[in-house]
Structure formats: C-alpha cells, structure tokens
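In structure tokens, the next block holds one chain alone, the form predicted alone.
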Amino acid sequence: MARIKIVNPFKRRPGRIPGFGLTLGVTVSYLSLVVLIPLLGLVIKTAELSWGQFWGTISNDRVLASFGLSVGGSLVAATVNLVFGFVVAWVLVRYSFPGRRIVDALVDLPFAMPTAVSGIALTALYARTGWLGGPLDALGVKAAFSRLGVVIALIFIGLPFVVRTLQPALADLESEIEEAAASLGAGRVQTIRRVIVPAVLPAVLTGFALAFARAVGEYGSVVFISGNMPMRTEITPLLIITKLEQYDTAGATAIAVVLLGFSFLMLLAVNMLQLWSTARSR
C-alpha cells in the first residue's frame, strides 16, 4: 500500500527568519532616510557646479590647507589612539585593580560629553594659563591654538572607538596561547608581534578606521582649541560652515564630498586589509 505524505501548509521553511521580509524592508527604509538620501542630496547639490567651478573650489589654497590639517591630523590622532588604545584595552581586559570600573567608565566620557563642552574643557586645560598648557608653554610647546591642539582634541574624541573595538577581541584571546608561545621560547615582543597582533588585527584596523572617520569630520571639540587661523589651524568642517554662512551651499557640499571621499577611501582600504589578513591566516 502506498504511503500518503501529508504536508503541513503552516510549516515554516527551514532557514527562514520569521518576519525577515518586514524587518529587511524597515531596515532599508530607515537607512535610506537617515544615510542614503542625505548623501545623495549632497552629491546632487554638488552636481550643480561645473567641473571648473568644482575644481576651483576644492583646489583653493585655503581649502587645501584645511584638508591637510583635517586629514593629516586625523591620521596622526588615529595612529596615536591605535597604540595607546591597545594598551588601555589590554589593561582593562587582562588586569584587575582598584578603580578598574571607574577607568572603564572614563573611556566612554568623550561619547557622553557634548563636543562643545569637550572643546572648551581642552582649551582651558591646554591654554597658557591652564594646568597642562602652562608647563608646556614653559618648555616652548604651544598646545592650544595650534596644530598640536587640533591633534589633541582628535585624540580625545577618537580613543573610545579603538578601546571599545579592541576589548571584545582581546577578551576572546585565550591566555593559554601566550603561555604556549612562552613555553616554546618566544619572548614578550615576539609573542605580541606574532601571536597577539595577528589575532586581533581585524579589530585593530576597524578601530583605526572608526577613529579616523570620526576625527576627520569633527567640529565641536576642535573649533575652540584650534584658534581657526586660515592656512594654519583652520579645519575643513569649519570651512564648510563658513561657506554655508556665506550662502555658498554648492561650494560647501563640494568640500564635504571630498572629505566624505577621504573617509570612504580609508574604510575601503581597511576592509581590503581585513580581507587580506583573513585570507592570509587561513
């Protein structure tokens, strides 16, 4: 006798997430409203300029100087945060000490503080009459109202991105791996270079990219401590604001598109490095 197979029409297909279509639609719609449409509007507004006008705007000496400060300062700040953020994350993950939770909470302080408050606090601290600015000035180092002040502000706002990205990766790294490397005769430097760094390299690159992308567009915490001197300490976001105040919207969007391109190129380079690192580790 042939068996009759009864199919349950209400049985869900395997591998399908309940409500996937609805959640995907909401996600795409939300991202379109918050991210894609504003970026598209930026490009459309810039397209009102001819190529000659666009090139004349972004190749202006004042604009090029601001690009050099914003992008160069962001690279320096992200590199500094990469080194010291790794140290901070390592200490918070591997060691227990009195006040550890307070230090861990202080890492998120730049997230919680309004950027304008951060800028005023840093300016007061690093000015010639400030607690740190006075000793530095005695040594001939001018912190506030200089390029150094810009880098200090960018380091301040970028550190949490590196630390919070590295912490989970370091927490997942078993200490037995380091012990095995030590038992095989590896020194501390060799263990860090050949065992720890390769294991957390994707997180390191991600933290660096996030810190750079955050710093390159920073305005509030930098505008006070920089001094805003054209050709010297003027950052690109301030120049964009200046263009908008002059009702030169197309010029402002042209500069913004170039700045956005720097961030995209950095993210693309980091993603390529992550893919290369993953393929190499296999």
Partner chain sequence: MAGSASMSVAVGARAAPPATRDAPAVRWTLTAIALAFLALFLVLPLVVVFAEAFREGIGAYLASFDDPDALAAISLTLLTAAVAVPLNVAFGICAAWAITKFKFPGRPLLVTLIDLPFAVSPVVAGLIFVLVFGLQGWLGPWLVARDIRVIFAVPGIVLATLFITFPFVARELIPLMEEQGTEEEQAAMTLGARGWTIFRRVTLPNIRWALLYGVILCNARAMGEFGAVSVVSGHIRGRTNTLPLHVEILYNEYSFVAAFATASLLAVLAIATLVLKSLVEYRIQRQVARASAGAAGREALP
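Numbering follows the first chain given and starts at 1. In this text, rigid core is short for the largest set of C-alphas that superpose within 1.5 Å between two forms. Here the structure is a predicted model, which is why all the values come from computation and not from measurement.
Below: the form predicted in complex with the partner chain, not depicted.
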Original post:
Judged by heavy atoms and a 4.5 Å cut-off, are Asp61, Met272 and Thr278 together in contact with the partner chain in the model of the complex?
Top reply: no
Subject >> 4.5 Å heavy atom contact, Leu184 and the partner chain in the model of the complex >> reply: no
Original post:
Does Ser146 make contact with the partner chain in the model of the complex, using a 4.5 Å heavy atom cut-off?
Top reply: no
Subject >> the partner chain contact in the model of the complex: Pro110, any heavy atom under 4.5 Å >> reply: yes
Subject >> Proximity of Arg164 to the partner chain in the model of the complex, heavy atoms at 4.5 Å >> reply: yes
Original post:
Relative to the partner chain in the model of the complex, which residues of 86-113 have a heavy atom no more than 4.5 Å away?
Top reply: Val87, Val88, Trp90, Val91, Leu92, Val93, Arg94, Tyr95, Ser96, Phe97, Arg100, Arg101, Val103, Asp104, Ala105, Leu106, Val107, Asp108, Leu109, Pro110, Phe111, Ala112, Met113
Original post:
For Leu36, is the C-alpha shift between the shown form and the other one 2 Å or more after core superposition?
Top reply: yes
**OP:** Determine whether the C-alpha of Ala186 shifts by 2 Å or more between the shown form and the other one once the rigid core is superposed.
**Re:** yes
**OP:** Indicate whether Ile177 shows a C-alpha shift of 2 Å or more between the shown form and the other one, with the rigid core used for the fit.
**Re:** yes
**OP:** Report the direction of the Cα distance change between Phe212 and Pro38 in the model of the complex, compared with the displayed form, as closer or farther; the change is 3 Å or more.
**Re:** farther
**OP:** Taking the shown form as the reference, report whether the CA atoms of Thr27 and Arg164 lie closer or farther apart in the model of the complex; the distance changes by 3 angstroms or more.
**Re:** farther
